[in-house]
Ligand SMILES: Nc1ncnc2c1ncn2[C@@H]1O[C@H](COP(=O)(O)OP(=O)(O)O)[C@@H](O)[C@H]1O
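Presented below, as structure tokens, is a lone chain in the form predicted on its own.
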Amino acid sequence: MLLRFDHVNCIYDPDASEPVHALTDVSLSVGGGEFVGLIGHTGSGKSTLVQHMNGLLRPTSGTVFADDTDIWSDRYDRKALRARVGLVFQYPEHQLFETDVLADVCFGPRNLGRSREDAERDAKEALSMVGIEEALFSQSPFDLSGGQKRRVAIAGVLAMHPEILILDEPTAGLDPRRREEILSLISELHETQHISIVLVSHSMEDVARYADRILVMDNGKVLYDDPPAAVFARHRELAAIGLRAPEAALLLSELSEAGLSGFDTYAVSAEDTAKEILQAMHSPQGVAADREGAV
């Protein structure tokens, strides 16, 4: 599935004396099994953008296409779209409401008109995907840990078999261990289920580790739409809008500017960064550049 934005604008309270331009002339595409990181400071338009992706919000002007069909055309089934484009909101566990875990995950498939048997099969499969064991299916979702609640909420979206999965700050409020577990889960879903992922985050480190493409938003506009290395190379421009590139990328960029060449600024972990530095120092280009800089 491919979603495409064509010059999309969103204005809140257009008749107000000072209307809010939440999105301004946004043109982009998402889909095809890719992993997209969406970053920007608070109020940059990230949440507004993703709510346009599955038709929760309607553009003030411009068009959102799903596989070349305008999702706001009269006969388009936006209910079916919201199954194909699953959106997991920030703090999704706040949306849990059923008496037990299985019933909660069944809600989405049942709402789409699936039989109870089919809905339960889809729910159990989704719960298995996110690592919730069967012993917990009959428990109240409110008795689970924070990380388990987050997994159940994600399972509720997965049970509808989305082709694109959008996660709005999925690790917000979690401790480092639970944060790592959720990010690893998302990466595994992308790799094993071939679902397109849109990961909304404030953390450059998070998107750097997993995304093959990064969208940077600022004041309702898409400032950059590039592979991670190209985005990190603009660390000064990112800092100007309140975003800090990963520490590894900053270090490699500074070393490059000092004369040591040949780095891949996509490196994020300490191990990868050390490897990049050692490789650059032992390459003819890197050593030559380093000596020239020293002279």
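What you see is a predicted model, and the numbers here were worked out from it, not measured in a lab. Residue positions are given as counts along the sequence shown, with the first one as 1.
Not on display, but discussed next: the form predicted together with this ligand.
- Under a 4.5 angstroms non-hydrogen atom cutoff, this ligand in the predicted complex has Asp13 among its neighbouring residues.
- Among heavy atoms of Ser47, some come within 4.5 Å of this ligand in the predicted complex.
- Residue contact check for Ile277: none of its heavy atoms lie within 4.5 Å of this ligand in the predicted complex.
- Among residues of the shown chain, Gly43 is one whose heavy atoms approach this ligand to within 4.5 Å in the predicted complex.
- Stretch-level contact analysis of 61-69, 34-42, 227-235, 248-256 against this ligand in the predicted complex, using heavy atoms and a 4.5 Å limit, identifies 34-42.
- Contacts of stretch 19-33 with this ligand in the predicted complex, defined by any heavy atom lying within 4.5 Å, are made by Val20, Ala22, listed in sequence order.
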